[in-house]
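Okay, so here's just one chain, in structure tokens, the form predicted on its own.
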């Protein structure tokens, strides 16, 4: 055990990202392997759970969930650890298949404000590698790049993300190398049981509407499954219950921003909106929705400065039904990602959630009824009024009728199958953690958060 009385013990914040590719590997699995090495062969003591920080999901060059990793620990052997990290990330990343890893190491008991601000922007904006390098230089942070080195942005942003407010946890189990690529076999009845027994303290376990298990990925990566929830004790209990017959490598618990909508906390100005940004927009529907081929719904929104922007609600989200019922003048709040509209070489707002704040009356002008017989009057011609053909009763103008609208105020979320890692489930609204989470830089992390089988 580390002697905390030594004056040369240091707190290291280790960030890395973009070590995987679409062909395989996994950045969280790399975190698992690095943690195993650090715990068994160095004096490292972890002072916080490993962080899995999901960054802006609209970045086009990301792989899968755009998640960076931060490990926070206290050690007497910083140089030895950094030497190991450099070697491991260089040799174990999938650089041959397009990975562009970045490694960052920051030393200090506290995280500077500029680093935290950089992390906040990485949740919703597009950052340049030059910005990351300049910040690292200002803070005397060590950085190491491989391939194109784009991962350095996520590596630095992960260090700056304290997740001190709302956060969740994920227990991830990893497969042995000999099983990777083979089908994952998991008992659906057990997944259903934990979904019921642990609700609302776990989430996104199973999509009952589409009868689909959500805790297992489908690619060749080494993740067997991941249980997401509100606290480390619940997710690990649920994970133990669903563990398969297949012999696994081990598991690790991450503290994370998944299920928090962290990327949608920034209110976007339509005038300053740029491609690939994320955030939310409040405004009015300024053009009636239309349904286009494929079941997608297109409409227009204007903000309170009367800036206007096209909006798309894509069919797989399941939000098209409610979006199609909007009319001009309705007040809405939409969580969005900005993407290129390929057909018009402009940008469009892709809806991630839709909140109906206020609806206007839907009115129509109709011919007035006859006061005697109740029959609808006929027009006598332009500006000539109306007359009942039976009673000869006359009236000057049409009447205004308010029609019932089949739409309710409230929050509407996509189908579970269309959730992003960061999408906040409906039941988590009101469950957000508001107390500060502060890692204890003196005492080591305790509990069953890491295990090798």
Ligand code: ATP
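Residue numbers count along the first chain shown, from 1. Note that the structure is a prediction, hence the values are computed from the model and not measured.
There is also a form predicted in complex with adenosine-5'-triphosphate; it is not shown, and the following applies to it.
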item: Residue contact check: residue 122 to adenosine-5'-triphosphate in the model of the complex, 4.5 Å heavy atom; value: yes
item: Heavy atom of residue 153 within 4.5 Å of adenosine-5'-triphosphate in the model of the complex; value: yes
item: Close approach of residue 67 to adenosine-5'-triphosphate in the model of the complex, 4.5 Å, heavy atom; value: yes
item: Interface membership of residue 61, adenosine-5'-triphosphate in the model of the complex, 4.5 Å heavy atom rule; value: yes
item: Options 376 to 384, 249 to 257, 266 to 274, 122 to 130; stretch whose heavy atom lies within 4.5 Å of adenosine-5'-triphosphate in the model of the complex; value: 122 to 130
item: Interface residues of 41 to 60 toward adenosine-5'-triphosphate, as seen in the model of the complex [heavy atoms, 4.5 Å]; value: 54, 55, 56, 59
